[in-house]
Ligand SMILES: Cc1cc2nc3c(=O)[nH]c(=O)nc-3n(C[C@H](O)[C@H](O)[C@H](O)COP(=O)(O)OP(=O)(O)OC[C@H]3O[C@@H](n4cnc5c(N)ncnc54)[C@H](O)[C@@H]3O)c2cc1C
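To begin, one chain is listed below as structure tokens, in the form predicted alone.
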Amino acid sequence: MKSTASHEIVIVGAGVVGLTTALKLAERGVVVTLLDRQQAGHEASWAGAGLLPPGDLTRAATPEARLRSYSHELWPAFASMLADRTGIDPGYHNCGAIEVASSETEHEFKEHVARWQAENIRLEHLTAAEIQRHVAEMDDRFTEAVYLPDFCQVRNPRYLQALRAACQQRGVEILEHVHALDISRKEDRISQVSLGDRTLPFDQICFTAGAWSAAVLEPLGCSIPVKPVRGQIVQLQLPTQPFRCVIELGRRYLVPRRDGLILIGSTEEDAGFAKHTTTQGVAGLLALATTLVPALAHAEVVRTWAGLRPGSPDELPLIGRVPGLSNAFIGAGHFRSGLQMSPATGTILADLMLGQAPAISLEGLQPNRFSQTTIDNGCPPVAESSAARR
């Protein structure tokens, strides 16, 4: 392991990936300055549902499966450490999940089941009666389903609060509401990072700015195909909780929280940086909820919100060195999977910036995989259906 005594790293973007990377670096003795355009952890990281699908690293054959499975291995100890260190319970627990099929999603359902089986993920095929035992109020039109007993969840806001507190305990400087950020490039290096009248010292820089990553890098002559994809969520509450496991139908879901709240998610909309809910989006989510569990028609609508996911052409993140820059790295483009893949992504980025080999292959996750150079070198972009639909 290289000495980190003299290492200073600037991270641009304090969402879940930036916070996790900062913590992983600080734990190794690196001096970290973390910047964000608003309050840390309050964009897509905060807005998601916190779903953590299972994985098996020994059988993971795709880039998505490797990253998901690596995170699945890290989550229990990481969540426990955060709770012990900060006193903030991130709400991590094993809740299980039912994935159901409809006539519209049957093909996708069969693909998912085949993938879970190929990865040796534990699952149980359910009869109609068994579906009702898991979700007593499930509409009886849903007769085909599988149960994933190792599916987990976390409470996004609490997890981010714990991450932020842990970073500060480790001495990470978190600078929020930064609007006067000036990043300069000289040849193949980032040469200066300044905030008005303050210039930040650094050896390396890492960009984890989510949906804003492309806009941050474009003035430096770096083009990355990451764009915002709006996702809307509705939060419901009933006097008693009608089910305890996650219910998934295609890319949409119902998530029961331990305190009786239920999340309905989520839309996928090409709406630019417009981060607001719409009548159409909310109505569609409410229709989903009552289609799956008719009793939810009587639930209270507590609140609605939207977030901007960082989408890439193949729905997979870009992790590694920024093309054309020798001292800059990126972790962005996770789409719906940023929070669930954050333990692995933060660990990998810390490894890379400290000159260490990551625990998994990054083939298919390289930041330059969409460039013409990558194609000319015989490594075409990998297009796959992401299992991480959160």
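What you are looking at is a predicted structure, and each value in this text was computed from that prediction instead of being measured. Each residue number is its position in the shown sequence, starting from 1.
Below: the form predicted together with this ligand, not depicted.
Visitor: Only one of these stretches, 347 to 355, 24 to 32, 57 to 65, 330 to 338, has heavy atoms within 4.5 Å of this ligand in the predicted complex; which one is it?
Guide: So the stretch in question is 330 to 338.
Visitor: For the three residues Tyr92, Pro157 and Pro343, verify that every one has a non-hydrogen atom within 4.5 Å of this ligand in the predicted complex; reply yes or no.
Guide: Verified in the predicted complex; spot residues all out of contact, no.
Visitor: Although the partner isn't part of this model, could you tell me whether Gly15 comes within 4.5 Å of this ligand in the predicted complex, counting any heavy atom of the residue?
Guide: Contact with this ligand, yes.
Visitor: Although this ligand is absent from this view, report whether Arg321 comes within 4.5 Å of it in the predicted complex, heavy atoms only.
Guide: Flag for Arg321 set to no.
Visitor: Given that this ligand is not shown alongside this chain, does Gly231 nevertheless sit within 4.5 Å of it in the predicted complex, heavy atom to heavy atom?
Guide: Judged by the heavy-atom cut-off of 4.5 Å, Gly231 is in contact with this ligand in the predicted complex.
Visitor: If you check in the predicted complex, is Ala209 within 4.5 Å of this ligand, heavy atoms only?
Guide: Ala209 belongs to the contact set for this ligand.
Visitor: Pick from Phe142, Phe243, Trp116, Tyr253: which has a non-hydrogen atom within 4.5 Å of this ligand in the predicted complex?
Guide: Selected option: Tyr253.
Visitor: Going by heavy atoms, what in 45 to 73 lies within 4.5 angstroms of this ligand in the predicted complex?
Guide: In sequence order, Ser45, Ala47, Gly48, Ala49, Gly50, Leu51 come within 4.5 Å of the partner.
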